[in-house]
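Here's a solo chain for you in structure tokens, the form predicted on its own.
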Amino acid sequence: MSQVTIVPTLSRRTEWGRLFWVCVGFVAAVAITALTVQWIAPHDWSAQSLVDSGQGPSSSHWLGTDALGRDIFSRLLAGTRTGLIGPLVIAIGAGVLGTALGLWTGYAGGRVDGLVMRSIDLVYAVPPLLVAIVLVGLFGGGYWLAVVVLIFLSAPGDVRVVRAAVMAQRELPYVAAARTVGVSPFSIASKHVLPNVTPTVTANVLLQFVVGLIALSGLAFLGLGVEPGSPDWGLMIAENRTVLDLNVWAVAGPAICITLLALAVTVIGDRMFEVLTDRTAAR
């Protein structure tokens, strides 16, 4: 009986392990593309040719062209920059801010926790994407204003998640033992509690990357954040709807890129949470 239950478990772990490395390879390929796109793109992604507009895939244009005759494949490669850099900045920024506040409020408790969390709840109650649309549209800001706005709108979610994890750790015996021997609250929180909530923090940061990717793509689809004509995946979907019947890849290509990158990072986050949780439990 033990073999019947263990073998499938090991098989599932092996399959998930392979999927994890496939996703890591895909994200690494996206990162390499973002760094080297000016050398590897087969065409100038901004070059227009009305003679070639709305063409399907061919030997010269692997995924066809858009309404202005621009090469879809080259624009997809160039779109890796906004598809990767902005969400990464959002994930790191929101993660640092949310982890710091969550660690502080979760461990300190009392009035500090109550004051901070009431403010966090107020911000958290407002739909982030709706606020981002209003602010970016109102101030006419570009891509980086959208990134900064999304950092501050995403951080409350991180605060709540990290705070909950810290509050669970705060009641464990190792924290009481550290207090007994006179370890300062800052040292307990930063050197003892934080390492034990690292799995949650890591998974949350990767989840925020996915949220940032979707939010920035949504803003670009609405014509906010990125400049018109920029090789951004969300903007490409909006611009190429008029040629969907002529070249489906003009819309399907960027949509698939967004989906694959979001799925890959989600799988990596799930796997990292499992691995880090096992390592934390083994210590």
Partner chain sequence: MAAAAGRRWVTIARFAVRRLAAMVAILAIVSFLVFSLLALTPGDPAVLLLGPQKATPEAVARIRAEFGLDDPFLVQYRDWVVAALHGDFGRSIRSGQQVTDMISERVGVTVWLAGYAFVLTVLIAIPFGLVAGMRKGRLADRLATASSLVALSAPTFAVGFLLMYVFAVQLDWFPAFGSGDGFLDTLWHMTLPAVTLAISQIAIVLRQTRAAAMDVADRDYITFARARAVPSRRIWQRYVLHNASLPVLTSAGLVLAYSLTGAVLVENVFALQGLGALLVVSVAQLDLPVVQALTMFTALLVLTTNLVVDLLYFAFDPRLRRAAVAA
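Residue numbers count along the first chain shown, from 1. Note that this is a predicted model, so its numbers are computed, not measured.
What comes next is about the form predicted together with its partner chain, which does not appear here.
Counting any heavy atom within 4.5 Å as contact, can you tell me which stretch out of 25-33, 63-71, 38-46, 243-251 lines its partner chain in the predicted complex? Result of the contact check: 243-251.
At 4.5 Å by heavy atoms, is each residue in Ile85, Ile90 and Ser154 next to its partner chain in the predicted complex? Checked in the predicted complex: no contact with its partner chain for any of the three.
Answer for Met272 alone: is it within 4.5 Å of its partner chain in the predicted complex, judged on heavy atom distances? Contact with its partner chain, no.
Check Val226 for me: does it contact its partner chain in the predicted complex (non-hydrogen atoms, 4.5 angstroms)? No, Val226 stays farther than 4.5 Å from its partner chain in the predicted complex.
State yes or no: in the predicted complex, is some non-hydrogen atom of Gly218 no more than 4.5 angstroms from a non-hydrogen atom of its partner chain? Output for Gly218 is yes: heavy atoms within 4.5 Å of its partner chain.
Decide whether Leu50 counts as a contact residue for its partner chain in the predicted complex under a heavy atom distance cut-off of 4.5 Å. Although its partner chain is absent here, Leu50 would stay clear of it in the predicted complex, with no heavy atoms inside 4.5 Å.
So which of Val112, Ala164, Val134, Val96 gets a non-hydrogen atom within 4.5 Å of its partner chain in the predicted complex? Exactly one listed residue reaches within 4.5 Å, namely Val134.
Can you list, in sequence order, the residues from 245-274 that come within 4.5 Å of its partner chain in the predicted complex, counting heavy atoms only? Residues within 4.5 Å: Val248, Val251, Ala255, Ile258, Thr259, Ala262, Leu263, Thr266, Val267, Asp270.
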